[in-house]
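In structure tokens, the next block holds one chain alone, the form predicted alone.
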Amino acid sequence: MKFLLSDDQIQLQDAVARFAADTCAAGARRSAFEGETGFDAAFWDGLMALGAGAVSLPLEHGGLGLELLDLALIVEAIGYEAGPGPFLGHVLAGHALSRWGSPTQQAEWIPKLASGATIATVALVEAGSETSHYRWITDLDPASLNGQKAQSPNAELAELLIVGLRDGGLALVAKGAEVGVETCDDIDRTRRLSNVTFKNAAAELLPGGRVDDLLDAARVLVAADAFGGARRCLDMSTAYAKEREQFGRAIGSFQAVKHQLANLAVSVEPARGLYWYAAHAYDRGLEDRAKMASLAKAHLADVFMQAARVMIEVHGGLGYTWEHDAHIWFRRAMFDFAWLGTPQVHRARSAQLSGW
């Protein structure tokens, strides 16, 4: 049995990684961070030109027809660079349409999402970071949507929203006057969150849509983003420890720093397989897919948070400055830690799903 990536998967991830590295180094990450919306047009257009937005969309509508695992590999590459913009919410909305959209809905919207001409996002969480639809109030009756969603990524930029309903279904909403968006001044300025209010908004049901499945897909992608970010924190810390000198020696030669980085390395790299398997379980519909989505999200969010802390410590005073980008990854780590539930919440969920 083969547990490695295919050559095609490696090449796809490498292409996105090279583009993200070049574009972010040229200023896309910082300009988005310091801008009003967290959006950089050159970064977005380049991702779409590479086909990143079409990866998991069906072939008949201009997609590449690949799986969540392939999409997660791209998210890891973007996470390594703390790539800015609406990619996460956009591909989750596309995933929902591909999986549960009617033929008419797919024909109308998926080509626009594949090209990036239309930006989409998801609105799944409600007040208090609540991800259990049994406690939601947002409802469709019969084609009119009312309610409020919190923590919707990049909703200010989106023209299309996939909305979770209190009965566990999903609705499609084209943004109009009946949709109010209030963007929050949240911690990760490269991925802005908004509160979204629906007042008799025109909406369509996604036939057979299941919000719990979409949430699990989102957890897998957040885990992939966290793994990419944790790798970057480790690499930045190691590189800085080799060049920064104190008392006439590189700080990486000091035992305390060496142990910190060694411990971090053995925490980060083995976690790669956790999100790979979670995505594989989701793609194949395995019995443990929901549990693995929660475990991957919980563990990798913790690993990323620890990696970000170590990175700040190794960089010393420089790591606390606005001019250095270390805090951008620290902020992304906090986003991945909290969005869709903290590690504590997901460990409890995985235990419950295991029958403990």
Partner chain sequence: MELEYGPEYELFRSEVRQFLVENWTKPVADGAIVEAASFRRQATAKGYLYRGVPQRYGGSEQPADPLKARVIREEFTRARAPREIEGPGVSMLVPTLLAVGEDWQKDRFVAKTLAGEYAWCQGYSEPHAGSDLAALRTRGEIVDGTWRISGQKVWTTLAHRAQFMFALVRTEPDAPKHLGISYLLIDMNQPGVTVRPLRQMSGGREFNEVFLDDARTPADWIVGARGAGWQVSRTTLRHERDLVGGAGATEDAFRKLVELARDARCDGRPALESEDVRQALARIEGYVLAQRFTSYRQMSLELAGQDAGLSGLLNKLNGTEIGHSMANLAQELIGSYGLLTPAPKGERGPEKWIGQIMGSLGVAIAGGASNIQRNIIAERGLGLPREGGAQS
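Residue numbers count along the first chain shown, from 1. This one's a predicted model, so the numbers in the text were calculated from it and none came from an experiment.
Omitted from view is the form predicted in complex with the partner chain, to which the following refers.
Heavy atoms within 4.5 Å of the partner chain in the predicted bound form are found in exactly one of 292-300, 324-332, 30-38, 53-61, that being 292-300. Residue 47 falls outside the set of residues with a heavy atom inside 4.5 Å of the partner chain in the predicted bound form. Residue contact with the partner chain in the predicted bound form: residue 258 places a heavy atom within 4.5 Å of it. A residue is said to contact a partner when one of its heavy atoms sits within 4.5 Å of a partner heavy atom; residue 69 meets this definition for the partner chain in the predicted bound form. Within this chain, residue 249 lines the site of the partner chain in the predicted bound form, having a heavy atom no more than 4.5 Å away. Every residue of the trio 238, 263 and 350 has some heavy atom no more than 4.5 Å from the partner chain in the predicted bound form. Note on contacts: among 165, 157, 215, 271, the single residue with a heavy atom within 4.5 Å of the partner chain in the predicted bound form is 271.
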